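Here's a solo chain for you in structure tokens, the form predicted alone.
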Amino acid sequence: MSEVAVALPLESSAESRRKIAFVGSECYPFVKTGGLGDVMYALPRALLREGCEVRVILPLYQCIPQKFTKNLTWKGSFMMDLTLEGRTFFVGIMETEIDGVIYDLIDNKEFFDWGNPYTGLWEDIPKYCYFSKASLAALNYLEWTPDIIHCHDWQASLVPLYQKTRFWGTPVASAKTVLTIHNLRFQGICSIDHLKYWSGLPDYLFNYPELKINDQECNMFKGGLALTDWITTVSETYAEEIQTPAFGEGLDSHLRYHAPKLSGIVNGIDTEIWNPDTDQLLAAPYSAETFLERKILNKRALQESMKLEQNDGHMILGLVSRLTDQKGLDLIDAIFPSLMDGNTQVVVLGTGDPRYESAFQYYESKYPGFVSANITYNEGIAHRIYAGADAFLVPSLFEPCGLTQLIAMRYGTVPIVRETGGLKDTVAPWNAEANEGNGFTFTQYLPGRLLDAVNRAKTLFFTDRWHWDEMVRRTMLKDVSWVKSARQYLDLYDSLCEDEAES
């Protein structure tokens, strides 16, 4: 079955509900490796509450737990051509509904039935060529024509290219496309021959304005950014940063050229999942009204479970992160001995670069009772750190949006962040004169600047608890939900559809 053969009638434009299709490589609770999985789950739910009709399309990976796959319903299958020589591949569609959002999982054992979601770039290129094309073909097969196809990161970046070429004249060609950059560091770069073979896209797209980056290589993300109708990224500051050589990852000039169709909308968090007042993983749930009496109970429970010295007066610094250079771990490593003043404790949760894993394990052995290094990822421990810590470290080299600082604020744990990307957009620095702000910030990426920010936080914590508690209350009352961001996305969708109607 070819994509052009599915010539179905277009949906009536009189429908009042905006129809949005999300296409991405991961989505909580099915599969999640990072913030993309959270966004693919939470934003569709927020749009549903705004009156939209939403479908999420993702691969049916073999690694998805059976408790989710057992509830899938078979919706049908067809054969789809791919590759330069037109090889055909099976496309199955399995569907489920969760809280009003429809999830369509693309089934193909050859591409998705082995390994983790991301295995290696050479193997992932064919996988996501197939997935991008199959997503559009599935929408046609299901006779569900969206107003907007919202694609996420490089794994779905070929959708706009397929839509405007191989699917021209079919129902999905009427949709407007939005491509969101979650992290520009990952782009889908490979040899021209490799992508040309597996994608089967027209030769003219393998040129400098679209896919080509040099005589041998092409870039999937670059092509998608060129042909999509609109580009978003996950904070206003990151939208500006990626147009500079320092943050553009080689695509800064490309993004400056496409700046008229580029905007930033900051992420939110799912405030039903992340709610300290109803969180069953905590020793003592609490709210902005009860935190003074009950947050301390979580601090004591964290100290006990992490084998830290029991002392209400100690300040606990929390860190829940991938242990990589991007997250500013080199800065923390450089200042760590200076943090250990006999009154400060550090709790770390995460995995990553072995040198950082080893460093935190060393500090745990050197400072018993004051450092806990949990070199793993455990959802329960993460919740308990957010609730039990006093302050939270996010000193990132770059951070497109960041979710951990939003979760920390929701739990009344004051963030200490570098002013970059979404960290700058979401954390207002403490202003003593005005008694304003919800965190402590620094600008230059230097160990001394981070230490200064931590010391400013310590000074307030140890010498002026009234103002510290006021800040805690402000952080808990700050709106970090998806409500505002979902409305900004809906305004963008409406604008794109209205422009199409006027043209």
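Counting begins at 1, following the sequence as shown. All values derive from a computational prediction rather than experimental measurement.
Missing here is the form predicted together with ligand GLC; even so, the following discussion is about that form.
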In this chain shown alone, the residue from 287, 326, 305, 361 with a heavy atom within 4.5 Å of ligand GLC in the predicted complex is 326
If we test each of 267, 426, 228, 187 for a heavy atom within 4.5 Å of ligand GLC in the predicted complex, the one that passes is 267
Can you check whether residue 295 is within 4.5 Å of ligand GLC in the predicted complex, heavy atom basis?
no
Is residue 254 part of the interface with ligand GLC in the predicted complex - any heavy atom within 4.5 Å?
no
Given that the partner is absent here, does residue 318 sit within 4.5 Å of ligand GLC in the predicted complex, heavy atoms only?
no
Is there any non-hydrogen atom of residue 170 lying within 4.5 Å of ligand GLC in the predicted complex?
no
Please identify, from 472-480, 66-74, 452-460, 31-39, the stretch that has a heavy atom within 4.5 Å of ligand GLC in the predicted complex.
31-39
Across 139-174, which residues bring a heavy atom to within 4.5 Å of ligand GLC in the predicted complex?
none
